[in-house]
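The chain below stands alone, shown as structure tokens; this is the form predicted alone.
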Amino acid sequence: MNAITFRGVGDVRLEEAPDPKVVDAGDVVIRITTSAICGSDLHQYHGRGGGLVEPGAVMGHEFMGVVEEVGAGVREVRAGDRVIVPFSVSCGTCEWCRERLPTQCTTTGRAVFGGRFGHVFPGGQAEYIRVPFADHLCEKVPADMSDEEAIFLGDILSTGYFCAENGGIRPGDSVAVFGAGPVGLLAMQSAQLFGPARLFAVDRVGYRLTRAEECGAEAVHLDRGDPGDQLRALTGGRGPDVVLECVGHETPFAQAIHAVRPGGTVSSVGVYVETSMGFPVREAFFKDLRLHMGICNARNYIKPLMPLVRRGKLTPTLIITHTMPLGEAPWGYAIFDRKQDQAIKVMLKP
């Protein structure tokens, strides 16, 4: 099959990869109809995070498609079913899966499709993929939902909602979102569900801030001064009640803590690949802050969020800027990484 493979820092290619097959009784093989390039893929693209995936590894953890082959032990999924799958691989039966923390799955070792943690499972930027634990991982997609409406339930829409939910937003709150990339934009949409009076988007990329305004946010441009000072000026000197950090870097994390009001909440879902970083602990302590951070357990959110998309309460398609054949993925990585051609979300079609 054709697949996008990792060959080195800044080097992904369309190559031939082995066709996936059913290995265990709980497996299915899915023919991929749509996949996407995620900001987390750029960590591997840059070689960040304490080691690279092996050369030749198939990339990607955002994908959906149609079940083609079914293992003998699969009961809930049939050939021909159209399904979405979360980005993390979990068994559904270990201690942490039973605690609704599938990203901590001990059976798979916190594995991610197309990632280097835990057991290695090839990714979804390909024509086909093997999905283990299919009865647990696969969620059927209604016929009235397009791929573009459904695919982000497996990762970034669930992550954006998780970030907003962890912020404890109350009606009338002011909310600032640091990072107007794909996750940040979907966090903005999700935050609106909780009834904030004002929503701010903090970024320095003009076209991303324009898209944030389409999500109902007021733009705060990083090149116009300290974001905390700007946000306090916009909120009567208080600072926002809730800050959602959607970047995953030391600088915006620290800026979020400095910007939020005393007694406020910082919710962080940015993927931190560094093992250590500076933390403004004195500021956080004396401001009586609440901090909630972690990786989204997307499997828990796919089913609850699906009706919100179907009824137009969430419109994830708003973030899509490019759709291209699988073979053009190297170009898609390049423009997404370099913020060229106004790229926000790049979709791939095998």
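For every residue, the number given is its place in the sequence shown, counted from 1. These numbers were taken from a predicted model, which means no experiment stands behind them.
Missing here is the form predicted together with a small molecule; even so, the following discussion is about that form.
*Asks:* Within 4.5 angstroms, counting heavy atoms, which one of the listed stretches 65-73, 278-286, 28-36, 291-299 is next to the small molecule in the model of the complex?
*Replies:* That would be 291-299.
*Asks:* Just to be sure I understand the contacts: of P86, G167, G184, G124, which is the one whose heavy atoms reach within 4.5 angstroms of the small molecule in the model of the complex?
*Replies:* Among P86, G167, G184, G124, a heavy atom within 4.5 Å of the small molecule in the model of the complex occurs only for G184.
*Asks:* If the cut-off is 4.5 angstroms on heavy atoms, which of these, V175, V202, A134, V260, is the one near the small molecule in the model of the complex?
*Replies:* Partner contact (heavy atom, 4.5 Å) among the options: V202.
*Asks:* With a 4.5 Å heavy atom cut-off, would you call H322 a contact of the small molecule in the model of the complex?
*Replies:* Answer no; every heavy atom of H322 is more than 4.5 Å from the small molecule in the model of the complex.
*Asks:* So, in the model of the complex, is F336 in contact with the small molecule at a 4.5 angstroms heavy atom limit?
*Replies:* Residue-level check for F336: yes, a contact with the small molecule.
*Asks:* With a cut-off of 4.5 Å between heavy atoms, is P240 one of the residues that contacts the small molecule in the model of the complex?
*Replies:* Heavy-atom contact with the small molecule at 4.5 Å: absent for P240.
*Asks:* I'd like to know whether V309 contacts the small molecule in the model of the complex, with contact meaning heavy atoms within 4.5 angstroms.
*Replies:* Output for V309 is no: heavy atoms all beyond 4.5 Å of the small molecule.
*Asks:* Would you confirm whether the three residues G92, V120 and R130 all fall within 4.5 Å of the small molecule in the model of the complex, going by non-hydrogen atoms?
*Replies:* Not a single listed residue reaches the small molecule in the model of the complex, so no.
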